[in-house]
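What follows is a single chain, given as structure tokens, in the form predicted alone.
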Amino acid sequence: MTDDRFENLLRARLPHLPADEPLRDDADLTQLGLDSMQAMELLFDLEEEAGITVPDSAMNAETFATPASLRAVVDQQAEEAA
């Protein structure tokens, strides 16, 4: 999955991130408005887009803490699926 596609999917679930503001890798996703329901919807989007399945063990606050932590899990699953 491209960086742009990842960011677009993530931005769609971040209501407190202005469209003109950059999305930093270390941004706190909960402060940007990602709640548990949106996190699950985002997860489904990412799994479908990347053709992966994120394991239950990765369904935790650490995974969804920042764009970087989420991207690391997605990338890891994509590598394992390849």
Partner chain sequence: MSAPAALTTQRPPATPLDARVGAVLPVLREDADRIDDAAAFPVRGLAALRESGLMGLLVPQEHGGLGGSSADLTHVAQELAGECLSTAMIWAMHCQQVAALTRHGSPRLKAHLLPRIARGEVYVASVTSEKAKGGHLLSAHSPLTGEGDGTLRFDRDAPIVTGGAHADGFLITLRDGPEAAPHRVTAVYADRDRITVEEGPDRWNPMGMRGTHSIPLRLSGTVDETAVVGRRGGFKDVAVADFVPAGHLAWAACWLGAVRGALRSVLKLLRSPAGRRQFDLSGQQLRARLARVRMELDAMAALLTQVTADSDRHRGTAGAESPPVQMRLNALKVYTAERSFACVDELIRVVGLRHGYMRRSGLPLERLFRDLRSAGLNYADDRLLAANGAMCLLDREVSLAD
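This is a predicted model, so every value here is computed, not measured. Residue numbers count along the first chain shown, from 1.
Just so you know, the form predicted in complex with its partner chain exists too; it's not on screen, but the next bit is about it.
Undergrad: Going by a heavy atom distance of 4.5 Å, is D26 a contact of its partner chain in the predicted bound form?
TA: Because no heavy atom of D26 falls inside 4.5 Å of its partner chain in the predicted bound form, the answer is no.
Undergrad: Contact between A65 and its partner chain in the predicted bound form at 4.5 Å, heavy atoms?
TA: Contact check for A65: yes, within 4.5 Å of its partner chain in the predicted bound form.
Undergrad: Even though the partner isn't displayed, in the predicted bound form is A12 close enough to its partner chain, meaning a heavy atom within 4.5 Å?
TA: It does not: once its partner chain is placed as it appears in the predicted bound form, A12 has no heavy atom within 4.5 Å of it.
Undergrad: A61 near its partner chain in the predicted bound form, any heavy atom under 4.5 Å?
TA: Output for A61 is yes: heavy atoms within 4.5 Å of its partner chain.
Undergrad: Output the sequence-ordered list of residues from 43 to 66 with at least one heavy atom within 4.5 Å of its partner chain in the predicted bound form.
TA: Read in sequence order, the residues that approach its partner chain (within 4.5 Å, in the predicted bound form) are L43, F44, D45, E47, E48, G51, I52, T53, V54, D56, M59, N60, A61, F64, A65.
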